[in-house]
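Starting off, we have a lone chain in the form predicted on its own, written out as structure tokens.
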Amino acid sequence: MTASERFRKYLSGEEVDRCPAIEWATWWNLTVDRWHKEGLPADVDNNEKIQDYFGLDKCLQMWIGYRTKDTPRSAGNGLGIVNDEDDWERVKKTLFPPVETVINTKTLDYFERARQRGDTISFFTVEGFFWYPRTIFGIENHLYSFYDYPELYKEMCELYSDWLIELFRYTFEKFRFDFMTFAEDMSYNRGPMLSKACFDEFLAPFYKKVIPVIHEYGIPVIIDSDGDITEAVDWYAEVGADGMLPLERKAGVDVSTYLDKQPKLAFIGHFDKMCMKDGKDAMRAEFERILPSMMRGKVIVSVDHQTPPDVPMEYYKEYAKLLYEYCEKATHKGENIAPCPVFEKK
């Protein structure tokens, strides 16, 4: 069974030999620098090689942006490039390049060769309808924009959603990714950064517009949001999403609660990265915590964000061994496993 087949069957509720063993978010430079000092070979110097070195199912990501070389740069971290309608009229002319210019066919060919090898899961990423306006308005002004510039917000998302549909059709006709993510980060440890009413008015219409297009190609849609997503899980389920990641443990999240609320959704991540520095026993205890949820057939365990640089390489080797051990325990035969929405429709 190839890595791609295993991933799809697992989320379809079909019989698999084991759960996929992946790291969806690869490693901090500081972490890799430490490991090179601790014996990681010098030529193991990119994400694919590192995944291969530790024996993981390889996970390749393609992230596509909407800006061009003419798009203004932000004056600083967290600052925007648009303050009002006049700014938007100038800036929007520099956005949304022809989709054929942002997709490199050589890169798609590389992804196809990786799939043919059988050891790789691939995913496609774009900014979501919370993240994208934040990068335009800047962090603070974005949170005011729901009240100060509601029509401008919607116009920005309307243009973006039209462009995304073009992008999806162009790309997915050439290569079917195993899943895709919308980068959002719309929650922190106290919950979502907007109300359900704002979500329904400003985000939901655009997700309802683009997700059906993605589903036409049989590609699961996973929402990437940090923080406490306990409320947001239901919101994204309502607009057709198939799952969420990374389920940060330190934000107090509990994947078993999400499986109770939304049994058809998939969840990736949830392994508490903060326990890894404490060694094998601590990591095994964390796997034991998650195992009952893994057995329910919708949890693909992975570090809940990038492995911190306080984790020795020998500890990460132990993590990788434990990951495989628990992925083999979490296999299922397809009984009573509700498929993700995208697969249910097929």
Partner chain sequence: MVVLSEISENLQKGKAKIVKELVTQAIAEGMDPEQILNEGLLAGMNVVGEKFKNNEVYVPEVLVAARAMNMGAEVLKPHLAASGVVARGKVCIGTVAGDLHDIGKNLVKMMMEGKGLEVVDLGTDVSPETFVNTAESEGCQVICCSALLTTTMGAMEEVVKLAKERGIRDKVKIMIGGAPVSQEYCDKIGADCYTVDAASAADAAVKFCAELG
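Quick caveat: nothing in here was measured; it's all calculated off a predicted structure. Positions refer to the first chain, counted from 1.
Below, we turn to the form predicted together with its partner chain, even though it does not appear here.
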Here the chain is shown alone; which of Met193, Ala237, Ile81, Val126 has a heavy atom within 4.5 Å of its partner chain in the model of the complex? Met193
Considering non-hydrogen atoms and a 4.5 Å limit, which listed residue (Leu159, Leu108, Leu143, Ile165) is close to its partner chain in the model of the complex? Leu143
Using the partner position in the model of the complex, report whether Trp63 sits within 4.5 Å of its partner chain, counting heavy atoms only. no
Is there any non-hydrogen atom of Lys250 lying within 4.5 Å of its partner chain in the model of the complex? yes
Is there any non-hydrogen atom of Met274 lying within 4.5 Å of its partner chain in the model of the complex? yes
Looking in the model of the complex, any heavy atom of Glu112 within 4.5 Å of its partner chain? no
Per contact check vs its partner chain in the model of the complex (non-hydrogen atom within 4.5 angstroms), the hit among 195 to 203, 81 to 89, 116 to 124, 172 to 180 is 195 to 203
